[in-house]
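Below, in structure tokens: the form predicted on its own, a single chain.
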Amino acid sequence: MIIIDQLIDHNAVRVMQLPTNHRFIQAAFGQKADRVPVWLMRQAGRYMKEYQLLRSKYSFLDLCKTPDQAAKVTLLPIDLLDVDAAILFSDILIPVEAMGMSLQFTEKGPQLMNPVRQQRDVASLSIPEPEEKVPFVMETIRLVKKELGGKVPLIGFAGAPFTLMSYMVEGKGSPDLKTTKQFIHQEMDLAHELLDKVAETTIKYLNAQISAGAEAIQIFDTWAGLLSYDDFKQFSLRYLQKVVSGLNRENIPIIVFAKGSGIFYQDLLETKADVISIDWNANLPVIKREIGSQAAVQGNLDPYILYSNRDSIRNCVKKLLDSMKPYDGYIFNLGHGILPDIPFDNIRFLVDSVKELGVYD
């Protein structure tokens, strides 16, 4: 059954055709469904023994690049947790490798062996055609869609331009982005040239995911919270806006997640994303009350609570859900990803608790 709703989105009326059985899509477009939908960032990963078994047979990159296996990982949380949305199993640096960077994963995390520091480094990077350079991503989406059979929506994703640039400049993850901050201030024009190239790549990459069947998109700006306010506006927000404006988003909700978004949430509305995903350092009901119908919100339970006992988990879930029940357009999630050593049973208990306690009166 299809319903047609008029939804106010940034002071403009859009007419959407929404499937009534996808509560995640309804919430993302500002509607109140039968209950609060729940999915979890990093919901397919190391905390699952089934994932660990696959990783014993494949390297991480090989797993990402083998569609039938990547599809299995994507589907694990649907089969084992019964969450309300699947999210593509991949890595944010896949399109960066396709641009011409040498990517490896070690025990210390991702390593880009040819970091970008000079004009010639930026000039050497291409804007790849996704179906040519990363066809395995699109094939994974098509396989997952076939297996899901419409049970729940599939979320595609990408890293935001600033976060991707930080890896490209640092050559790895960094707790302070020292080299990146030096780069954006000492080589400002070159930084914008690089960010433009990354943004164009990201637009093509996400539109290819939508064409392959992704029904929602999340953009991760993991490192934006390390920027000053002015630098956030210039080097992060500007390119988030560019990416969102370039997406083929009809009936496709767009979620923007910026770690540290409690500081920048009002500015993130300028992206015109449908959903602002909030980390655990912010007061989520206050944010939702202030932004009203301009966007839905997602979040924001502290993932470290999942190391606690069940009573504590349930109490925290109930407190968050009770605070959000007055508002339409809410998706339950963590304030960041699941940590790899959190007990699986605690995560399953969390999801079950949201389903029980998140039913609307």
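Because the structure is predicted, anything quoted here is derived from the model rather than measured. Sequential numbering from 1, following the sequence displayed.
The same protein has a further form, the form predicted together with a further copy of the same chain, not shown here; the description that follows concerns it.
Please check if Leu240 has a heavy atom lying within 4.5 Å of any heavy atom of a further copy of the same chain in the predicted complex. Judged by the heavy-atom cut-off of 4.5 Å, Leu240 is well away from a further copy of the same chain in the predicted complex.
Evaluate Lys146 for contact with a further copy of the same chain in the predicted complex, applying a 4.5 angstroms cut-off between non-hydrogen atoms, and reply yes or no. Lys146: no contact with a further copy of the same chain in the predicted complex.
Would you classify Ser228 as touching a further copy of the same chain in the predicted complex, given a 4.5 Å non-hydrogen atom cut-off? Result yes; Ser228 sits at the interface with a further copy of the same chain in the predicted complex.
At the 4.5 Å heavy atom threshold, is Lys319 in contact with a further copy of the same chain in the predicted complex? Judged by the heavy-atom cut-off of 4.5 Å, Lys319 is in contact with a further copy of the same chain in the predicted complex.
Can you confirm whether Gln234, Asn309 and Ser312, the three residues that make up this candidate site, all sit within 4.5 Å of a further copy of the same chain in the predicted complex, judged by heavy atoms? Checked in the predicted complex: all three residues contact a further copy of the same chain.
Name the residue from Gln104, Asn248, Asn283, Ser124 that puts a heavy atom within 4.5 Å of a further copy of the same chain in the predicted complex. Of Gln104, Asn248, Asn283, Ser124, the residue with a heavy atom within 4.5 Å of a further copy of the same chain in the predicted complex is Asn283.
Which one, Arg120, Arg289, Lys178, Lys108, lies within 4.5 Å of a further copy of the same chain in the predicted complex by heavy atoms? So the residue touching a further copy of the same chain in the predicted complex, by this definition, is Lys178.
Counting only non-hydrogen atoms, choose the one of 301-309, 34-42, 328-336, 58-66 that falls within 4.5 Å of a further copy of the same chain in the predicted complex. Stretch 301-309 is the one.
Which residues from 177-211 come close to a further copy of the same chain in the predicted complex, meaning a heavy atom within 4.5 Å? Stretch hits, in order: Lys178, Lys181, Gln182, His185, Gln186.
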